[in-house]
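Only one chain is shown below, in C-alpha cells, and it's the form predicted on its own.
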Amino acid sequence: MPKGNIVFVLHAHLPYIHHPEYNYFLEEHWLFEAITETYIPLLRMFRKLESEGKKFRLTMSITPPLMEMLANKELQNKYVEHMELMIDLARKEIERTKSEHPLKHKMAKFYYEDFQKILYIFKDIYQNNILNGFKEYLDKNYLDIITCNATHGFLPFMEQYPQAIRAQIEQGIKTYEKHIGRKPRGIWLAECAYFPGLDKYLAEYGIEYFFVDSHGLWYADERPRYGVYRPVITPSNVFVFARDPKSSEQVWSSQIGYPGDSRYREFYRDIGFDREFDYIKPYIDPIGTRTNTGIKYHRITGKDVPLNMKDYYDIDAAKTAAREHARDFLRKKESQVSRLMKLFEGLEPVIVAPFDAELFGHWWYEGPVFLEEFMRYVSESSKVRALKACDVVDITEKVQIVTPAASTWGANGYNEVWLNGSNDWIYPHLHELVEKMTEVAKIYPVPENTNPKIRRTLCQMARELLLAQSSDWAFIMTTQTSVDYAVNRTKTHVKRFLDLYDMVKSGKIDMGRLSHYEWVDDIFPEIDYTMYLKT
C-alpha cells in the first residue's frame, strides 16, 4: 500500500569557538550545553529505538566547525571537567532541596543521575568523541549524515567570488571525509541560503541533494507540479527538497508550537541565576558572571506568567505532554498525507521537516522525547513512513527539472538577517580578504615549490578568512545577543589575516606570531590555500 513519506532533518551547527589560551571561556559552553542537552540525548534515543527494533530514519547535518570541535582533545577534556563540576553541584542540590519542595528535590535527584549517565556515555562509550556515535548509526543505515559549507559562510554574498564558494564547499567535504570516512551525499547550505546558479558548484563536487525553504520552490523557474511535496532536480542534476511550512509551524511556532506547552521546562529559569552568589560562585564563570548550569526547577506555567512566578517542573508530566504531542503530530501528518495523495492521484508525497538540532533538548528540553515517540509511532503507521533524504533520491524515478528561486530560512525568507545596518560593515572586509587571498595564492600556485614558512602563512590566511566568513557573527549582530563577542571575532580574524598578508608580501615571516595564530585559530589542520586558485 502506498504511503506518504516524512523526511526529518536536524541541522546541528555551532560556530567554531576554541580558546586554548583560557582555562575557562564562556562561549565554549555553548558546545558543552549542546552536548549535554541535545547531542547525547539524541544518541540515547538512537540506542533505545535500536534496542526495540524500531527502524527510525533521520537526516542530520553536522557542520564542519562542529565536527572539528567535537573531535578537539582539549575541548573534550574541558567538557569532562565541566560535567564533573555540574555533577558536584547536582549532588549538593539534592541536600539543598530536601527542605525546599518535593518537585525540586525530585528534579535534583534526576539531574544528579542524568549528568552521571551523560558523562559515562561521553567518556566510556564514545571515548570522548561522540562523532563516533553518530557515525555508528550512519553505518547502520538509520542516519544519513550530510555536510555543510566549511564555516557556515553565507554563500549568496560570495556570488561574485566563485573561488570563495568553492573553498567553502571543498573544505566542508574534506572535513566530512576526515571525520566520517566517506563522501557526503547531501549538503545543508548555511542558513538554507540559495541563489540561482549555486547548484552548479554543488554538482562539481558530487553533491547529490540539498534543501531550500518553501518559497525557493514556490517561486522557482518552472512551477513545481507538486509544490514542496516532491523533490525536484536542478539543471545541474542536483536534487532539491523544500521545507514543509505546516510541519515547521506545528513544531516550531512561538505561538502554537508544541514547545510552548505549560508543562514543559522553562528555559530561562536556572539556578545559576537563582541561588545566592557565594553558593553558586564555584560553578559559574570564575570572573563572577552568572551563567546557566542546566539545573532548572520550573515549568513554563503560562506565556504571560513572569519568571519569578513560574510553577515547579515535573519531568513525568512533561514526558506525558511530549508523548501526546508526538501522537498529535503523527495524526496531522497522516491527515496531510491523505489529502496530498488524493491531489497527486496516488503518487507518494514527501514531507520535509527541517529543524535546528539544538531545538531538541537545548531549547525544548523534552524535544528528544517527542522525536523518539514520533519515530516509534511512525514505524507502526500504515499511512506514513520516515525516510532519509538519500532514500528518496534512490527511489525517485520521475522528477521535474526546475531552477529554485533565491531564498533563505531566515526572518522574511531572504537575506536581511545577514545584511542590515548592524552588520553590513563586515562585507567590504570579507570581500577584500577574498581578493587578497586569491592574489597571494596566484603568486605561490604550487605548494610543493613554496617556502615552508610562506606555505604555512598562506594556509593560516585561509583559516582566518574562513573563520571570518562564519554567518554566525552577522546573525548575532542582528539578534543583539553576545554582540561584543561577534564583533570582536570578526575584527580579530580580519586583523590576523592582514598581518599574515603583509608577512607574505614582504617575505618576512614572524614565526612567533604565525605559531600563535595557528594555535588559537586551529581549525582545519589539513587546509590547502590553493583552493582559492579555482576562480
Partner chain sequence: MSKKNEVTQLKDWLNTNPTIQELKKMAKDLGLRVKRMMKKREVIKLFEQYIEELENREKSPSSSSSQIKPSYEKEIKPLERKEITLPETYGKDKLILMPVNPNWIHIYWDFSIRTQKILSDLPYGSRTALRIYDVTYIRFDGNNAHRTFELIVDVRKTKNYYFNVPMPDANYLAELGYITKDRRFVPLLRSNVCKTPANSPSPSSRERWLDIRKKRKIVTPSQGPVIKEIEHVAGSMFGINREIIHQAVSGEGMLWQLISILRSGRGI
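Here the structure is a predicted model, which is why all the values come from computation and not from measurement. Residue numbers count along the first chain shown, from 1.
A second form of this protein, the form predicted together with the partner chain, is not displayed here; the remarks below concern that form.
- Proximity of Glu526 to the partner chain in the predicted complex: non-hydrogen atoms within 4.5 Å are absent; the residue sits far from the partner.
- Contact annotation for Ile401: at least one heavy atom lies within 4.5 Å of the partner chain in the predicted complex.
- Contact between Phe475 and the partner chain in the predicted complex is found at the 4.5 Å heavy atom cutoff.
- Mapping the unseen interface onto this chain, Trp252 counts among the residues with a heavy atom inside 4.5 Å of the partner chain in the predicted complex.
- You can rule out all but one of 462-470, 44-52, 63-71, 490-498: in the predicted complex, only 490-498 has residues with a heavy atom within 4.5 Å of the partner chain.
- Taken together, Ser248, Phe267 and Arg513 are fully in contact with the partner chain in the predicted complex: each brings a heavy atom within 4.5 Å.
- Residue Asp356 is the only one of Glu113, Asp139, Asp314, Asp356 with a heavy atom lying within 4.5 Å of the partner chain in the predicted complex.
- Of the residues Lys106, Lys92, His431, Arg331, just one reaches the partner chain in the predicted complex with a heavy atom at 4.5 Å or closer; this is His431.
- In the predicted complex, no residue of 86-106 lies within 4.5 Å of the partner chain by any heavy atom.
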